[in-house]
Structures are given as structure tokens and as C-alpha cells.
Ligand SMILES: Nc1ncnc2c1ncn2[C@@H]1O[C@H](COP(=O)(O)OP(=O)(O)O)[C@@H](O)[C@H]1O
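One chain follows as C-alpha cells, the form predicted alone.
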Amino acid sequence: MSFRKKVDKKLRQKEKKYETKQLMKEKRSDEYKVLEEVFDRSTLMTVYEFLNKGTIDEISGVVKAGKEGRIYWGRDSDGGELAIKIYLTVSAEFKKGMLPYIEGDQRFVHVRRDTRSLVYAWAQKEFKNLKRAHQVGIRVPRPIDVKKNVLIMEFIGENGVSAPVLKEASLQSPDKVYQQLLACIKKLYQKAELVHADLSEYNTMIWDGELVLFDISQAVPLEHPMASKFLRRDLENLHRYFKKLNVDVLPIEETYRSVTRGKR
């Protein structure tokens, strides 16, 4: 039996399983339409490879949709919750936005500049960034696996409901959260040697009383030529948001010196 026929057989088997469980066609019909829209043949084969390996046991509806892709909720073979991030491979706007973060990152110096190659590199970039942050003890979604434009990671939340982002959370002590986030930025810089480069109240979650950084595909290593500019922008976002909450924020240059001390 050819590889394509084996894949087609697996697809039919899995589709039958989902129909039986009524996960896709009845309970989440709208999400299923989006799933079909996003999943080209190559992506489907990648997802079903993860299914065959047992990395994914179940995949359901869309948790988050954005210009760079979709995040689906799923479970692994042990029942653990997964975030399955699938990057779009056809967005010219997305490609344009990637380049400042990939160019200058020595980990991806040999990546070709066609859209599909850049998207595959972007998925690898987020996986590597998550891994570096996780290894030094920064709370991020635990990276599990990546292939082509599909990234598998820990789901932050419960039963398919995502943890609230900082913007949506009710903060009892904004001053404390400000200090925690500043310490997190410093640890990311000092220990993981990364700059988030897109930090805001929209890509920081609060779960079980902890801050969780996510969406770090754009994070750059310290040797990136724009690392300092990106760090200042992150600190400006932090300053702006917490100042609105009447937190006694530190001057940006002071926080910049504190974060970079000994590393510049």
C-alpha cells in the first residue's frame, strides 16, 4: 500500500471516529468549517501524523484565530489538554510581518524567503523560544512538538476555556503583577537570552495565580540587531498599561538598565 493510500485510509478512519463521537459535525460544526478552510493537504497530513503518534488524540474547536493562524483545543492520549497552533501558509501580510524578527536571528540565517519556508521557520522559532524560556523556569505553555506549520503545546486553561489575558483579568494587586512581569522580562533576558519583542496585556495570561507569557514566536536573541529597540518597546508597553492602573511605574530607562545589567 502506497504512503498516500495509507494516509487516506487513516483520514477515513479518523473522520469516522469523529462522526461517531459527533465532535465535529454536530457539536462544533462552525469550527469544523474553519478547520477545513485552514487545513490544506500538507497540514492535514502533518496533523494526522501527530494523531498516529499519539501526540494528539483528539482535536476540537478553534480557541483563538488571528492573522498568523488558528489555535485549536485538543487532548493527548493521556487526556491532557493541548493547544494546537496551525500557522497559515498563504498570508502575504503575515510574511511581511515576520521578516524583521527572522532577519538577524542567526538560528534562521539560511531560511529561504518563500512564504511556506518562512512560515515553517516561524513555527520552529516559537518552539525554540518556548523551549528556552521553559528551561530557565519562565512560565510559558510547555512546548511538546512541532513539524512544518503545526506546533503542539500545553493548553493554558481548563476544559477548552483559555485562561484570561492580563487585559481581561481582575487584578487585586496591580503593583505586584507589575513587579512580577518586570522580573519575568529580566529573567527572559538574563537567563533565556531572549527579548519578547511583542509584550503587552494581550499576550500575558494569568493562571493559577501565575503570569504566563505566550505568543513568543517573534522573540529574538540578544545578538539580534533590533533586540534593544524591541526591549524598549516591551518596556514602554508595560509602562503604559500599568500607569493606567495607577501603579507607581519606574522610568523606562531605569527598567532598561535593570533588565540589561551585565549583558550589554
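The first residue of the shown sequence is 1; numbering continues from there. From a predicted model like this one, the values you see are computed outputs, not experimental measurements.
Keep in mind that the form predicted in complex with this ligand is missing from the display, and what follows is about it.
- Residues of just one listed stretch (41-49, 203-211, 233-241, 220-228) have heavy atoms within 4.5 Å of this ligand in the model of the complex: 203-211.
- Using a 4.5 Å cutoff between non-hydrogen atoms, residue 178 does not count as a contact of this ligand in the model of the complex.
- The closest non-hydrogen atom of residue 85 lies within 4.5 Å of this ligand in the model of the complex.
- In the model of the complex, this ligand lies within 4.5 Å of some heavy atom of residue 71.
- In the model of the complex, this ligand lies within 4.5 Å of some heavy atom of residue 156.
- Of the candidates 190, 124, 162, 89, 162 is the one whose heavy atoms come within 4.5 Å of this ligand in the model of the complex; the others do not.
- In sequence order, 63, 64, 68 are the residues of 52-70 having a heavy atom within 4.5 Å of this ligand in the model of the complex; the partner itself is omitted from this view.
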